[in-house]
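Before any questions on how it binds or moves, here is one chain, the form predicted alone, in structure tokens.
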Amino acid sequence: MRKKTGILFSLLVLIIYSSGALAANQEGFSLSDSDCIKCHDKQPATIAARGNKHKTEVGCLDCHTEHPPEGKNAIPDCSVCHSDSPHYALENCASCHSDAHAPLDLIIEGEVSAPCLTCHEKQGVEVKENPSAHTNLACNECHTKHRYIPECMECHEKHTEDMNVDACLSCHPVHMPLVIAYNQETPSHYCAACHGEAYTLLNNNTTKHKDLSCVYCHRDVHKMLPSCISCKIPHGEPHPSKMLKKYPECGQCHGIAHDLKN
């Protein structure tokens, strides 16, 4: 009897000691990211390739603070880290950001503009305040992927065969395409694509106007119509004031600038 009691007592001591040792080990035990990748090998590869700030600013345990079965909230809400921006107040982040390990690989379905404009507010204002065909398009009609900027010729025909995207953008700001501005190096045959009649008349002109580029007179901004006397040389005010008073428009005698009469 005493022998059995001794054995039971020893077992009890052993159990108590083992439980204490296990608890002590658990208190001193901590995980690292290298432990996570033993089971989760796909996610680190995705982060390494396309993780953006999720790759450089945080580790696995910064986001995944719990793990089943002890913790139920293994996948945190985006708002735990992301706040202080109208964009982060949007609901259902995963509808676009389907993979938190590649947060800028967006999947955008349907016509989407409002979420885009929470970050790209300036572009939204430009499109709205400068009406054009672009105003009626959803952002993802052109930007089919995040940060994708299409070439103009994907939708538009070139004015001339020698034009490229840089030539388009030198006159047409993308989100304000009808606010046309240009530099003094703009070739006249670019203008001729829309103003063919004026270009033909000018080329057939026998006066010095034939040697001028379109932008020499129509400077800087589209639809700018200068007065003849604004060109001090050679025009200035060539006639007496009485004649100019009687014929205030030069074209009343000389015709239009593109088809000037001597």
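Only the largest set of C-alpha atoms that superpose within 1.5 Å between the two forms is called the rigid core. For every residue, the number given is its place in the sequence shown, counted from 1. These figures come from a predicted structure and were not determined experimentally.
There is also a form predicted in complex with heme C; it is not shown, and the following applies to it.
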Residue-level question: is residue 229 within 4.5 Å of heme C in the predicted complex, judged on heavy atoms? yes
Report yes if any heavy atom of residue 184 sits within 4.5 Å of a heavy atom of heme C in the predicted complex; otherwise report no. no
Is residue 32 a contact residue for heme C in the predicted complex, using a 4.5 Å heavy atom cut-off? yes
Is there any non-hydrogen atom of residue 129 lying within 4.5 Å of heme C in the predicted complex? no
Within 4.5 Å of heme C in the predicted complex, counting any non-hydrogen atom, which residues from 41-62 show up? 42, 43, 44, 47, 52, 53, 54, 57, 58, 59, 60, 61, 62
Flag for residue 220, CA shift 2 Å or larger between the shown form and the other one after aligning core: no
For residue 84, does the CA position differ by 2 Å or more between the shown form and the other one when the superposition is done on the rigid core? yes
Residue 177 C-alpha moves between the shown form and the other one by 2 Å or more, core aligned: no
